[in-house]
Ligand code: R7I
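The chain below stands alone and is given as structure tokens, in the form predicted alone.
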């Protein structure tokens, strides 16, 4: 792959996370019908609790992963967990399970044990999937390492098998998007078949829903059917697949894919962030609307910092 294109994809998947997160945050918790009545198709960034273009825990934790990978030149669970604790800003809207896990780590529980103590066996929320884009990018050419590292990074806060499987699947979708050329027509059915093959024997629910996606791609369903068959809540099984479908069903345009993801309602910031990561990995930064990039939060750890991190991650990968 052309080096500049690969770099553009690394940046795209991380900025895409920020974009989808920021677009979806103001309507988080709304149902599909309410969004349609109030906004039609949500195509512009709305003012949210922290301002237009601001991000939530989704992007903040993604930043922590990228910082750790760059600093440690690969995965280091202790360092990544410590960064999650350091970056934790309650104003960003963290989930209760993640807050509990980070509190345990802060109290001295080992990084790879804290997640198991949440909800008596681990959370299967989408918190480890929403932040996984840098791992999908960094290990885009090695599915075995990608799975291992995605699951280990998930274990910090989301130790349930469904949480870990969701993070691995989302990371692999990002990797597959990086490996795909948007100038050529993508075989959607083959793309989903590759994801099905990637899912482990413990991920039967994910395999079943990926097969639903294959069926949905053939019939052009309405949003109600997509929500009914794939989900739109904050659990990993009911959101990772929805993000994958939002991308693959609107493959030709980043804006269309992310706007569609947010229009489904529910956990809109995270489904938007995950869709943005995959679509950004496919189209690159160059495929993200400039008007959206222009309004993204750009403070100490904002848009420019995220792009710089993605650039460093790319340089680390190729050198």
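As the structure is a prediction and not an experimental result, all values here were calculated from the model. Positions refer to the first chain, counted from 1.
One more form of this protein exists, namely the form predicted in complex with this ligand; it is left out here, but the text below deals with it.
Residues of just one listed stretch (198 to 206, 102 to 110, 75 to 83, 122 to 130) have heavy atoms within 4.5 Å of this ligand in the model of the complex: 122 to 130. In summary, among the residues 143, 182, 93, 221, the only one with a non-hydrogen atom within 4.5 Å of this ligand in the model of the complex is 93.
Under a 4.5 angstroms non-hydrogen atom cutoff, this ligand in the model of the complex has residue 98 among its neighbouring residues. The closest heavy atom approach of residue 275 to this ligand in the model of the complex falls outside 4.5 Å. None of the heavy atoms of residue 238 is located within 4.5 Å of this ligand in the model of the complex. Shown alone here, residue 270 lies within 4.5 Å of this ligand in the model of the complex, counting heavy atoms only. Applying a 4.5 Å heavy atom cutoff to this ligand in the model of the complex picks out 28 as the lone residue from 23 to 51.
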